[in-house]
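In the structure tokens that follow, the same protein chain appears in two forms, which are kept apart as structure 1 and structure 2.
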Structure 1
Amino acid sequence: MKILANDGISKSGIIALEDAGFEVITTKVAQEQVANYINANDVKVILVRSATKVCKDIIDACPGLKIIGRGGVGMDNIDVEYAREKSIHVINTPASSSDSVAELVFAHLFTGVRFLYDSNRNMPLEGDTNFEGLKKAYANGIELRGKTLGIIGFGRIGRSVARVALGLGMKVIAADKFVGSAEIKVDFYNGQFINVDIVTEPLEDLFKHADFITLHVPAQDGGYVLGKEQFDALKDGVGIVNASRGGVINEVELIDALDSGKVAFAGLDVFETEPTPAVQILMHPKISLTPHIGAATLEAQDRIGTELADQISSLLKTEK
């Protein structure tokens, strides 16, 4: 049985699928040719990331399709309801990249507290002529240990972030629309672990107490999670990271808050106007920037591949 991995799949995913008896095709088929290719090659499973769209027209044109798989979380590029109405399985791997996103959050936090966002811009320009000046400019860094991290959205990624923060010796507080509490298991390399219970609290309390805030909510139907009113309620000099979805922070208000000093720095992996972020955001001297790479680690790609392979094998185990 043939599987078309149109947006690529990790080597370990290919091996897991081949070991389970599937033939994996990794040719990149152009969007307008996908339906033809599926039918001409009798493909039963199409795997995508975010690039290939599997819309109603492809679903209608390909009656032999049994599974649509998305490596990762969001399924905006798949007509999920329509596919399920047509008895096509739609699967994804929501937990595979949580730890990768969590580590990127700390990359931005460590960058923020030691001014790396600025130092990395200025060292190439002035590092040889103004070393002492830059040394002075970046001298007053602070440590994360002992500080309070406020996590907004205490789902899969929020809890992964909590694990890392606890390991670092941070105080963790969290707010969530639906989650009341969670047991966070902090694993150590040698098999030892500790469990820490965290009870969520109202957003207003989190705003009052957090030294750093990180957002892990889905795209919101109406309004910003952080807009003018919320920025006003934050501690002075707070650091903010957003590696969830563009549009949950009002970027105009963020820039105002950075310029006034209310917010000391921000780390952004996602943007309101992705994939063309506002130039005021890109050029801002107090923002650490990454181009939506939260999930993009080799380990996550491996987990995505093997998780998809496991799900496909169990769904189609009788019909290879």
Structure 2
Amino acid sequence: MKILANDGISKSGIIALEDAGFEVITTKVAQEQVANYINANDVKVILVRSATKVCKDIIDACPGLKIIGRGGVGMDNIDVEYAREKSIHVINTPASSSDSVAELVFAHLFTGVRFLYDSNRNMPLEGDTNFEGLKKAYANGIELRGKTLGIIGFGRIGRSVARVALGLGMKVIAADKFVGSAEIKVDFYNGQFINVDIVTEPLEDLFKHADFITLHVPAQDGGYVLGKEQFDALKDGVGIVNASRGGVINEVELIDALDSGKVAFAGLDVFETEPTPAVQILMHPKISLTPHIGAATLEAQDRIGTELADQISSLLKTEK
């Protein structure tokens, strides 16, 4: 049985699938040719990440498809309900990349509080001629320890973020209309750990108290999670990180808030007009930028590949 991993899959995932008797195809097929390729090659399973879309037209055109798999959490590039109506299994790997995304959030937070986003731009230009000036310019950093981190969206990734924050000695508040509370286990050396119970709070309270805000919510059908009204409610000098989905922050309002000083810095891994982010965002001196790489660690890709392999093998074990 053939599996098309159109957006790639880790070597460990390929090995696991091949060991289970599947043929794995890693040829990158252009979006407009996906349906033809699936039918011409009798592909039964298509695996995607964020690049390839599996919408109604492909589902209708490929009656032989048995499984659509998404390597990652969000499935907004798949017509999930329609596929399931057609008796196609739709699977994903919601837990595999949580820690990788959480660590990227803190990469952006550390970058923001120590001005690395600006320092890394200016040191190559002025480091040999204005070293003392740059040293003075970047000498007013702050620590994350003791500050309050507001987490919007308290699913798997939000909880991984909370775990790191607690380990750093931060105060954590969270808001999630679907989650009332969660127990966060913080592991230490030699098997030691502590459990911390976090009860979610209304967004208004989070806005009032958070020194930093990180978003971990799905794509929004209408409106923004952070628009003008919400920016106005934030503490002055807050730092904001978005490693969830583009379109949950109004980027025009974000730029205004950065320019006014309401927001001290932002870290963005996703963008409203991805994959062509607005030039005003790309060039802003107070924004730390990454190109949607939250789940892109070797460890996460290994976990994603093997978890997809396990699910596929379980679903198709009698049909190989």
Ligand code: NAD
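Whichever C-alpha set is largest while still superposing within 1.5 Å between the two forms counts as the rigid core. Because the structure is predicted, anything quoted here is derived from the model rather than measured. Numbering for residues begins at 1 and runs along the sequence of structure 1.
Between structure 1 and structure 2, the form predicted together with this ligand: Structure 1, not 2.
Any chance the CA of residue 77 moves 2 angstroms or more between structures 1 and 2, core superposed? Where the cores coincide, residue 77 still shows a C-alpha shift between structures 1 and 2 that is 2 Å or more.
Given a superposition on the rigid core, I'd like a yes or no on whether residue 25 shifts its C-alpha by 2 Å or more between structures 1 and 2. Yes, its C-alpha moves 2 Å or more.
Rigid-body rotation of the smaller part against the larger between structures 1 and 2, in degrees? Domain rotation angle comes out at 12 degrees.
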